[in-house]
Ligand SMILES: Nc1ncnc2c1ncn2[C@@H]1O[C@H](COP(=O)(O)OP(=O)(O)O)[C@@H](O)[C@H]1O
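The chain below stands alone, shown as structure tokens; this is the form predicted alone.
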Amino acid sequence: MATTPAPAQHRSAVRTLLRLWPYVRPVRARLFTAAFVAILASCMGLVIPLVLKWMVDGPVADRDPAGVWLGALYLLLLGFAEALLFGLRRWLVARPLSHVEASMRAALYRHLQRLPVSFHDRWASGQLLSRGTTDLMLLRMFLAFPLTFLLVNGVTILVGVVIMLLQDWTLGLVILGPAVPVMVTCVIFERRYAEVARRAQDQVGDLTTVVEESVLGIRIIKGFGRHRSQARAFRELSRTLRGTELRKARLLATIWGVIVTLPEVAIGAALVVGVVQVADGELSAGTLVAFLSTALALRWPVESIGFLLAMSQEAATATERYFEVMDEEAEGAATNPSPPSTRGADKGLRFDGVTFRYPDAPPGTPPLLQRIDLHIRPGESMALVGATGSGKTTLTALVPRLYEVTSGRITLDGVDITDLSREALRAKVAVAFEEPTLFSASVGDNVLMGAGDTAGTTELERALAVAQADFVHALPQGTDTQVGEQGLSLSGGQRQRLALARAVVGRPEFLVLDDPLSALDVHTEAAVEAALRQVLADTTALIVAHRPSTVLLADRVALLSGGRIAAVGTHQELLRTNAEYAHLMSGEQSREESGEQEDAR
């Protein structure tokens, strides 16, 4: 399973969350307005104890029913205004935050499309999916609630403490007694919870990967009866995630217990001291009622600190995970500033001293490809032959820059491919891979993906004819038929023919085919080869070949051995002069003849 980079061991949650500012900035006016409205609503709630003080020391002490009813009306209006303001805050943040989440998700998707193939080789797809779904949901929730209420509750606590100190400073000091242990607990909690939150979110990504792989590989799982082992693996990951979530719950329960218990004890102590003062005539009953009402009004802002910090840490972790992807360097427009060469000898496709080592290969390992020198002349087809694992597919992937060469250069008609933008390069070069990939779209859309936006029915029908993919007309909706995820509703040979049609539909100048006929039966292969010869007559092609019949499509053959081009010549020349090539072709020829005999039976 692909791994993800290890998280940073020490990071500031505030500094990490500040990286969200470019996405929040367009909606900052509404968010700041919402925060101001919430602060106003919360502070309005602190006015209620002052009204209670007035009522107790005034109308209640004077036995004035009219004053009591007036005080009740004030309380009703204050409560209604507070509720209305909190509702307004909710309305203010709903639309802009959905915009923030959507823009971040779109930015992540665009960036994923621009990241090199080597990045996707390293990363598990489930980790990327969890970053684009679960993590962004956590960020939206953070911006909607914890971010605002950390500010709102902080202001509320500050204003409330000032009000209590003004009421009676001795009782205020009693209430402030637990402040230091609560703050120490919060600091310890924040550090420990950050570590566990990161572990949990990474484990969610691993779990997502297992689910995705199980769904995509359901035929293999069922075919080999491996559903029980897959279920065990899923249960193990689920059990691990459950343990991590329980540890999060224990940490949250600990801080919640401290934050709830200490303030409650302080309120109890303030009540005892206040009652004694009232009995001694040092404090009015209304002042005690107002003080205790203010203290009780601050219970929620204080008690919420625990889960607000927890949600903030989860949001910081989600932000960190999001930017781990966004910080990866995307494919650039050009990496070689040297001017393009236009020498006539360089026309066609040329590999000049090309060396390649995978970016994540262990240090000191030899390159997979070493000093590849190969020239495919304009309009020529070159078959690339070699033993399994010799690097044929990797070599073909270098042409459209799915990977970057470690050293050396590749030129198209004398122009270094690194001097071309990837868009321009891939408009010139079309590819068809041995393992065809189709998307959840119609047959026509899958094929026309290989052409420009102006391509239509004529180009589609031509490409289908070249690939001998007339079977699409027998599908329920013809070329409008949805092929389903990964095209698994089609056979391997059908998917491969559609992938070949996608490669030729745009009439590319250069064609790179990675064993494009491996899944076809011999009769269909012969028909496709006959049609493909007409296409190859008008393009420069590099074709990875295993079968002798595919080799015969090409004008010349290059033998890849030991990371180098060992020989170049026609098929007949290499059969006579190169023992390794003759051995490869004799093995393939024997298997092909055996297959034909089986077909005849």
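So that there is no doubt, residue numbering starts at 1 and follows the sequence shown. On a predicted model such as this, the values are computed, not experimentally measured, just so you know.
Omitted from view is the form predicted in complex with the ligand, to which the following refers.
Every residue of the trio 121, 387 and 403 has some heavy atom no more than 4.5 Å from the ligand in the predicted bound form. The partner is not drawn, yet in the predicted bound form one stretch among 354-362, 503-511, 277-285, 420-428 has residues with heavy atoms inside 4.5 Å of the ligand: 354-362. Though the partner is left out of this view, residue 392 does reach within 4.5 Å of the ligand in the predicted bound form, counting heavy atoms only.
For the chain shown alone, residue 368 is a contact residue for the ligand in the predicted bound form, at least one non-hydrogen atom being within 4.5 angstroms.
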